[in-house]
Ligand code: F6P
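Presented as C-alpha cells, the chain that follows is alone, the form predicted on its own.
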Amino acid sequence: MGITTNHGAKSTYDSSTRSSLSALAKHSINTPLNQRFQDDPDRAMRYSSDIGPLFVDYSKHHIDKNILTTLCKLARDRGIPEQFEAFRAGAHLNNTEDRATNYPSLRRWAAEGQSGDDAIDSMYADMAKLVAAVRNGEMTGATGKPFTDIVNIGIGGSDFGPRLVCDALANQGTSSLKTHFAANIDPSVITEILTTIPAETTLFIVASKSFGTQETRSNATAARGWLRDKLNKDNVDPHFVAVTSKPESAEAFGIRKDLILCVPEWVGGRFSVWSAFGLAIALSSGMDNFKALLTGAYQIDQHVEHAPPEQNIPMILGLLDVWYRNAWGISSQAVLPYEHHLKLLPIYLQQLFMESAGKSVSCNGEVLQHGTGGVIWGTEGTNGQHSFHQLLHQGSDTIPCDFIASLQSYNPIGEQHQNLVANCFSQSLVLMQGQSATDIEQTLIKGGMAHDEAKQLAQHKAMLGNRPSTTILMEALNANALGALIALYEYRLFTASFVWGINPFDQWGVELGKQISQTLMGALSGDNTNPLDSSTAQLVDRYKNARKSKE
C-alpha cells in the first residue's frame, strides 16, 4: 500500500503562512467584537446564513472582510474545494488504510433513491426489510413473541452515533420498541441492562465493523449466555442480528447469515451513523426517520458542493477553527446545546473531532510543526451555566463556544422554553459584549454602595467579553435537522484537517492500548513472562491481591 498525500493539496501549510495569520490575529484583537457590531449595522446579516434546516450565525467571531478573504485564500491554496470534490468522487483520502471516504454517497441513497454503489444500495435494502419485519411483528424471538426491546451492543462509532440519534428522536416516531445501549466492557453495564429487559422479546444488535472488538464480543457473549439461561434454550439465534463489514466473522461468532447486515469496508466508525450501523435508529424511530436523517445531511452535501468558500458555512467554521488554533493559540472548544435531547452531542463530537484531528504527523508521515485538533467539551444548557460558564466568562483562557437551540419545543410548559432560549442568547451576548469594571462601579454607587467598596467589587464582577461564539438554530429538533447538524460538523472537521494536512479518517492512536491490554490480561491472570515497569507491576500486584482476598 502506498502512502500518498490527500488529493488536491496545492501547497504546504508553512510557518510563513501561520506567521501571517498570527500577525493578522494580533491586529484584529485591537477591534473588540462589540465595536465591530457598532461599526457595521449589517454585520449579523453579513456573517450568518440559512443552510438546509439550520440557521448559522457566526457574526460573534473575530472576523471581517479582510480576515475572511485571507482564510478563504488559505482554503484555496490548500486545495480544500478540490479535496471535497475528490471526497464526493470516492477517492481514497484515507491514504494510510487505502480506503475511500465517499460518505456523501450514503446520504445520496436517501435523497435520490440510489447511491451509485451496488453494495450500499443492497445494504439499505436489507436494512429496510429487517426493520419492517421487526416493527410489524413478522420477525419474532425464539418463543414466537414480537420484540419489545432492542439492545445495541457496540462501542465507539458503533455506539455514539446511534445512541445520540435515538436519544434525540426519543419523543418522535410511532414505535413501541425500547432501545438500550451497551458499550463499556465494565460488567456492570451489560449486567444492569440485562436485569431490566424481557428475555423473550429482546433483540440484540451486535454492531462491530471488524467483529473482533473486545468490548463488543464480551458483552454479546454475556448476553447470549444470559438469554439461554432465561429461556432455557440453546438456540437463541432469532434474538441476534449483526452489523459488520466482516460477515464471515459474525457467522463464526454464531450470528445467522440471514440476520447479518454488511457494511462496506471503507465506512469508518465515527462516520458510520449514515450506514446500517444506524439500525437501532431505524428500528426505534422508523425507516422514514432514518431517511430524513440522511436527507438532512444530503442538504449539507449539496451546499458544500455548490457554495464558494466565502459562502460555504461548514468550510468557514472549519477555517475559524484553524484561525483560533494556530493564530490565537486556542486549543479548547465548548459545545453547548440548549436542547435536552441533544445532551449527548458534545460526547459524540468528542470522538468525531478528537479521534479524527488528534494527529501530530501529516498524511506523508512528516512531524508537524503546528498545532492540530483540540479539546471538545460541554453539556446541555442551562446546566452548564451552573457549573463551568464561570470559566467561559471570567477565566484566563478564551474558549470559543457553539450555542445550539431549537426554536420550538415538543414539550411546552408555560414560558419555560422561552426562558431556555433567552438564556442561550444571553450567554453568547455576554461572552461577546462583556461588562466593564467602570460601568459596574457606577451602577453599584448609584445603588448606594461606597465608592471604595464599589471599585473593589467591580473588579471581581467585570467581564472582559470579546469572546467568540457561533449560534446554530433549528425550527425544531427532528431527524432532518439533526442529520444536517452532524454533517455540518463533519465538513467543519474535514476543512480544518485538510488545511493542517492530516488524515482525519484513520485512528491508529487507539490501537496500541488495545494490544497492550491483551498482554496485561495475561499479567493479571498470573503470567509473568512479559516484564513490566515498576509502576504497572505494582498496580497488577494490587489487583491480584484484591482478587485473592475475595476467593
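Residue positions are given as counts along the sequence shown, with the first one as 1. Because the structure is predicted, anything quoted here is derived from the model rather than measured.
Omitted from view is the form predicted in complex with this ligand, to which the following refers.
Heavy atoms within 4.5 Å of this ligand in the model of the complex are found in one stretch of 492 to 500, 35 to 43, 49 to 57, 510 to 518, which is 510 to 518. Although the partner is absent here, T213 lies within 4.5 Å of this ligand in the model of the complex, judged by heavy atoms. With a 4.5 Å cutoff on heavy atoms, T221 does not count as touching this ligand in the model of the complex; it lies far away. Taking non-hydrogen atoms only, I155 approaches this ligand to within 4.5 angstroms in the model of the complex.
Interface residue remark: Q456 is not counted as part of the site for this ligand in the model of the complex, having no heavy atom within 4.5 Å. Contact annotation: of the candidates T140, Q351, N94, S249, the single residue with a non-hydrogen atom within 4.5 angstroms of this ligand in the model of the complex is Q351. The partner is absent here, but in the model of the complex a heavy atom of K209, alone among H341, K209, R135, R325, sits within 4.5 Å of this ligand.
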